[in-house]
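As structure tokens, one chain now follows by itself in the form predicted alone.
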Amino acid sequence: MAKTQVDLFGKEDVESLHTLNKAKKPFNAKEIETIKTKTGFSLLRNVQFIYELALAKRELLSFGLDFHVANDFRVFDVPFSKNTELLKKRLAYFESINGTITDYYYIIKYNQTTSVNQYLTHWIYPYKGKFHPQMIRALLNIMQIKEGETVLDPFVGSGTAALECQLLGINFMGIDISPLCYLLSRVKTESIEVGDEIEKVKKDIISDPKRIEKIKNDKVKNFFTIAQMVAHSDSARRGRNYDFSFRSNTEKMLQSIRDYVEVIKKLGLTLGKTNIINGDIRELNLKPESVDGIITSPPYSIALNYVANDSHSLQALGYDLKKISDDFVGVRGVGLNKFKLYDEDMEIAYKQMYTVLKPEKYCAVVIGNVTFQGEEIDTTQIATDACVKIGFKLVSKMEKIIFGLYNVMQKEYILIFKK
């Protein structure tokens, strides 16, 4: 099969997820009846690309299942499975198992956007270069991370891995040097604890945002602070009225919190514990052999200047852009020297990751090559060599074509290492 990102299955006309959510009916009667009659493991309708099909297969293999792919590539025939309940709870790329709706298919219906990957609180703040949450959920399965175990993301970014771990009952430690990422990741995973308090002060805060500074509960304060950052982003990037954006996004974010609480109750979820740290993986002294898995995407260096991209929000938070640029991995330095500094910084980060990971456990790194002055720099191979030199063993390398990242990245790779 050619390694190109093509539409394997075609597009289907499906009812708007946003409309379904507003009606508070995640499934209509016709859809439920259709699913009940299905046999086998049916892929989600938004699965379209080769790497997604590959991840779906590896998910099943990670649970020790034998299977046969039907001719239409949309159904996997599984002769026997004794872990149906666990599979229903965990699988990322399947909508149903022998007529039973998976938890993931249920969860993605709670979506305040038109993008299938932005369900629950994933959509909050337009962070560039974020993970696909579905991919993270699949990797957690492929790496055989169990409920109650701990996963580390040393470059937590927008908190995608944090939220997916939380949903699966997996404990999570996330680290990021960016104060924006730190706040954003906390809001996505902590706001469900203070939904009632947010509801109580919402009207007062919307009428006078200056009252945010007087909020004593950090989790409530962080919620409204990030609502402000979303408004700053809308104003800077889309020319939208700041006050209108703040009001509308506050309500939209709050609805996502309500949705999350409803999902927890309806599915009986036991959430994983999250610990988000505003710090630098290069300098932290983490406890050796203390995590059961690592999933991360290192900074994309030349491809995306994270400080410049979120300058409006960082400045609104009161940070000096020049000062924090000197600390960010992949941002500091100029020209070819930037790559030299990047490689040095990442070697330190990989050593930290190796130290903190338990023996025989897995580390997944999603990374892409970049083009500089017309030439491709093989960042992926550099990362692989650095990890192998430290002691990791590369057990899997999967190609994933991407689009739109400033035209300096055309593909990225999912690397899975074992300690």
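Small disclaimer: the values here were computed from a predicted structure and weren't measured. Residue positions are given as counts along the sequence shown, with the first one as 1.
From this point on, the text means the form predicted together with a small molecule, which you will not see here.
- Judged by heavy atoms within 4.5 Å of the small molecule in the predicted complex, the contact stretch among the candidates 245-253, 101-109, 78-86, 327-335 is 327-335.
- By the criterion of a heavy atom within 4.5 Å, residue 281 is counted among the residues contacting the small molecule in the predicted complex.
- Contact annotation for residue 299: at least one heavy atom lies within 4.5 Å of the small molecule in the predicted complex.
- Residue contact with the small molecule in the predicted complex: residue 97 places no heavy atom within 4.5 Å of it.
- Contact check for residue 189: every heavy atom lies farther than 4.5 Å from the small molecule in the predicted complex.
- Only one of 158, 274, 222, 141 comes within 4.5 Å of the small molecule in the predicted complex through a heavy atom, and that residue is 158.
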